[in-house]
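Single chain ahead, written as structure tokens, the form predicted on its own.
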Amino acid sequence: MTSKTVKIDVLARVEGEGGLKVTIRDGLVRSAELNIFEPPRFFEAFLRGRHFDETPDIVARICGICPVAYQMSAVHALENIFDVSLSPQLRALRRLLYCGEWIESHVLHIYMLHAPDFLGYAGGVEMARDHGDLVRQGLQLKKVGNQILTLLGGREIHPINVRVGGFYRTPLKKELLTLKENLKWAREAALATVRWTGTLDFPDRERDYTFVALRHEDEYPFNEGRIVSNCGLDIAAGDYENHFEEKHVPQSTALHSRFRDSGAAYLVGPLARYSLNFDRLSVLAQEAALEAGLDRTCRNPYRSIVVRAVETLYAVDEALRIIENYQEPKSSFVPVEPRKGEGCAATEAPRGLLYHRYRLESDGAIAEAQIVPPTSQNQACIEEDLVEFIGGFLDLSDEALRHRCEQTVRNYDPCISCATHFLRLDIDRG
């Protein structure tokens, strides 16, 4: 075959920058490598020596889209050191805060980052020219998520109201009730989003993924649960590092996570959560998913846009439930005293499982921190998707093939700024 190199200097509609090289020989995709060239961000390093109560504000800066996920994983890990047990009201408020983040993050991806791939536009701005009402609906729906973050977290971006042991301030019942009417509208808009995304034209591609996600005994997972898979894994967060490991790869400054024993890749995120926890969704979300053409398990990554819409609907439904049942707690936090120890926790960021581990000195200073974001856990799986799926698109022009490569990566809504950054594309047809 004639050698060709197709380059994309910057991949649009993902968080961050980097490169991708696809090697094609004799009509087959031989390899796909994510070339992540962003320098390390050193969050784990500069947490060392800081007092534990600074952690929520520091880790929130890892991501402007999903700061709550980093805060929640951090406070749960630290609270495990102090044997903290939150009241039901404080626990419910943390779920509500997570609802707000899932809504704003998922909706941003659905309407502005991923939908243009299916509708044939370069981006959300171009799509808005022909689908103004649709984009306005998405922006208004995202705003409802931001309103939850503002009321409960203190501001939309990098919330400042989260602390180890609870919150600095908890809202009055009447304050939460101000969200109710907007959430009722949002529930209808989220339901419409599920129905609309279900009508999109999806490539017929599936893989036999190993799904990994949290599973709670009676809730769709946000903050708590055991780490499970569809291949028999069922562990506490404290056993995470016994089963998973991060490794450097030659082509990337980002670490790749794999199973420690087998070296196999695994999938975290909406498809994994949905497939392992369908029975924990609200009845409304379950019915909407099935009506939109999903099964109880989804193995087509291109349909992840529908699954995100279902999770958005669930988050709105759950937010309304929490607000209606909310009772003001007697205290906004549980006091803690510094002690030496180690704690870890995993929560479900919009993009998937997020693991934190901290070791403290007796004065409360952080001696060690480890943070494993969802994107680094999915990078190996992204490469495998490209090898598996792009071979079916080789009859396309280079421009169309480039689009399919980008779309395949965007299925994951990669937050490369959390892990590192992303994407320039080289296609080697030599």
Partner chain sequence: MRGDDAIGPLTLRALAKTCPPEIRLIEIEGEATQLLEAVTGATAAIIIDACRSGSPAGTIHRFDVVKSPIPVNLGAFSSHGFGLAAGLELARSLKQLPRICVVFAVEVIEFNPGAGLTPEVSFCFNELLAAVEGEFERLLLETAS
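Remember, it's a predicted structure, so these values are computed and weren't measured experimentally. Numbering follows the first chain given and starts at 1.
As for the form predicted together with the partner chain, it is not shown, yet the points below apply to it.
**Study point:** Options 381 to 389, 358 to 366, 58 to 66, 401 to 409; stretch whose heavy atom lies within 4.5 Å of the partner chain in the predicted complex
**Key:** Residues of 58 to 66 come within 4.5 Å of the partner.
Review point. Do residue 236 and the partner chain come within 4.5 Å of each other in the predicted complex, heavy atoms counted?
Key: No, residue 236 sits far enough from the partner chain in the predicted complex that none of its heavy atoms falls within 4.5 Å.
**Study point:** residue 124 within 4.5 Å of the partner chain in the predicted complex, heavy atoms
**Key:** Flag for residue 124 set to yes.
Review point. Residue 172 near the partner chain in the predicted complex, any heavy atom under 4.5 Å?
Key: Looking in the predicted complex, residue contacts with the partner chain do not include residue 172, since no heavy atom lies within 4.5 Å.
**Study point:** residue 264, heavy atom within 4.5 angstroms of the partner chain in the predicted complex
**Key:** No, residue 264 is distant from the partner.
Review point. Which residue, 86, 200, 113, 249, has a heavy atom that falls within 4.5 Å of the partner chain in the predicted complex?
Key: So the residue touching the partner chain in the predicted complex, by this definition, is 113.
**Study point:** Among the candidates 177, 139, 119, 231, the residue which, in the predicted complex, approaches the partner chain to within 4.5 Å (heavy atoms)
**Key:** That would be 139.
Exercise for review: Let me know which residues along 141 to 179 have a heavy atom within 4.5 Å of the partner chain in the predicted complex, or say none if there are none.
Suggested key: Counting only heavy atoms within 4.5 Å of the partner chain in the predicted complex, the contacting residues of 141 to 179 are 142, 143, 146, 155, 156, 157.
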